[in-house]
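Two forms of the same protein chain are encoded below as structure tokens; each is given separately, as structure 1 and structure 2.
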Structure 1
């Protein structure tokens, strides 16, 4: 476990920083050489907190425990949490920033998503808060890379996750497999056998606002076709979308759909429905974030293995090139009346959320583990091993890209899943729209 944790910090170094390096006009209250100034945490204040941790979220128990610890430590501070479902939240928070009415502490995704708000000057700089003696040695600065803009810290990392290929081993055994197919060709053959046996290989949500679920599949296929560095460069505008390997990867994905590998009802389902179907044994495979490990590990009678999507072109990609990284983040609204207190509170809350998420198996730790962690479930341990062996992580596309590019990208992804565009049309459209 110690080896795994140190490797996580090394892996964090290869995460792309280009999207986070934009010049900002944020609420830059920091001075690198100034001594730490502690806020008065004895004041009686109310802090509003926006999250995406709805009751069905895998992290709900971790959030509840973290918030309870904070209430016990700071009984004078009232935290009002408002949780909004993931996809609805993305639109809500953008509208709120435009109106200048945001919670004191808010959940966000790192890199370009948070960067757009920082650039608009509406996020409080956390440099002073990170100088707190109780905090500064508890997290490696590399884990903050995706929330540093113009050399300043603006986010509190929570957990680290990767896109994971989950497989129901009991279903695979029905078609003669004792383990997850190791190569792309073997995986396709397995899917053919599943279809022939009346089984659905994959479930993927594509209802309104669920395009991110499709990207979990598409980005895995693209990365294992053209290589992590190429995909990373495309996301960061260092390379064009006009890439034949990307077009071929899209065609492979659509061929999987045509061959009946996906639940045809996915177009009208949300991710919770698809996830529930997988847990009920309707699908053999489910590609989604490693945050699902906790729920899968707790499910009675569910025999699941976690692995990574196999390599398609070995001359350009390899195992250990993954989609993911530190993305889930807390930040402080620059116009908060209690922003100094909110900053310290957010760091302590984020550290606790990370702890309880890790202990429950709902994410890998972004903060240093200074507590007993001997009962981590087998699925989370398997994901940890995958990350420990990795050499390149490409941050999720809808987080890595700026807001305008991301919206264009997700609309095109929806067209891919709906067979409205093929691979060539996909890259042509994006090459023309993202310059």
Structure 2
């Protein structure tokens, strides 16, 4: 019963999702009154679809099921999917846009990544497609906030994820804790005890281009120090990086490293190594995306709890302020020959991918859950509870920022983790580079 309740809660949750773009006017749709024009879905067409869902991806099953459903529903539409590895895809899609040769439907990340293509005028607006009576009420408009530019919808959200504090309860038990420490001070005391007992509290990768792992830690700490609104404004360039709270948060993070809370070998590890170490009981805590829930739930003999990072400064932040949101997105190429059909197809496909991903525990749904979802693993369920109780989601920094800002931010984050800069230098550098 509890499971079903929280599922309902997601549907009804009242939270403010970070929004994208300066001119973003949220729900305000410029031609809101124009009637819905339905495309002819009986036409025999071929749609090309680019994804990052390679055969070994954890979402592959969900994609296969969704595509099979779509093929059954529209036998006249041939969907050619081409999956490209994540890192390669980022280069491929940018080159393809420059040459004007993109697939009809393409995978993208919300906010800044898709925003660049929208700004270049090469993405098809989905306002009409979202008016389709079949899908109109199937998604909360807030979930589209990250893909609304100049008041127009351009993206189909798939799943959403948040940064989660995973704790290995068996290791916590060894130092006398039966639950995850609820406050920041308790968490620090717990870490001290772990270090004294020869345990490593945290593992965090920073090897070859994996700075994003560090941001999962840093952004959680910054948010709980300066508050969600402030961090959101900084990411969206509405406020300057020159914020003393941010500097202090960075110093706190580095203090944790100095006190030996972090596995020193993380400096040269990749995320998969760190994750394996955590699952093998080498670390007490692991802060990373909620997509890990399925893997942790599947692992035998692993007693993991998912929670949110405790509040550091109660006067500025509070529980319920999270990092995350809908990032994975589908969009339609503006020069596609069948863009109206592709738009409707993308919406329905995205909704199905979202459903099957959620059912497999690979992420939280961006679309409303209008199907029985009782088999969700307990960890994903716990994360769903956290999201249901949340009131502010700040999108991951590396999705929220435009690519040039993000690049500098990640370079600076690597320096923070490597102790080459302190909090003050961090905010000074970013203030100077991001104007």
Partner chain sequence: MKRKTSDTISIIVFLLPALILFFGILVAPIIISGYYSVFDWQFPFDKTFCGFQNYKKLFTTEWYPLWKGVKNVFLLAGLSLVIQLPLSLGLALMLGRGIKGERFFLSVNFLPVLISTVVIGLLWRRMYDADAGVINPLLRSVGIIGEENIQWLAANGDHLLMACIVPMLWQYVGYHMLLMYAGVKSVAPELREAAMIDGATTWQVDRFVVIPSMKQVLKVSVIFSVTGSLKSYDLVSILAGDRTYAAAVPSTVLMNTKSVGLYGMSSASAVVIIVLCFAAAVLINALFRERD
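Nothing here was measured: the structure is a model prediction, and the numbers come from that model. Numbering follows the first chain given and starts at 1. In this text, rigid core is short for the largest set of C-alphas that superpose within 1.5 Å between two forms.
- Taken from the form predicted on its own, structure 1 is distinct in origin from structure 2.
- A movement of the C-alpha atom of residue 335 reaching 2 angstroms or beyond is seen between structures 1 and 2 when the two forms are aligned on their rigid core.
- Once the rigid core is used as the reference frame, the Cα position of residue 56 differs between structures 1 and 2 by 2 Å or more.
- The interdomain rotation between structures 1 and 2, with the chain split into two rigid parts and fitted on C-alpha atoms, amounts to 16°.
- If you overlay the core, the Cα of residue 103 moves by 5.4 Å between structures 1 and 2.
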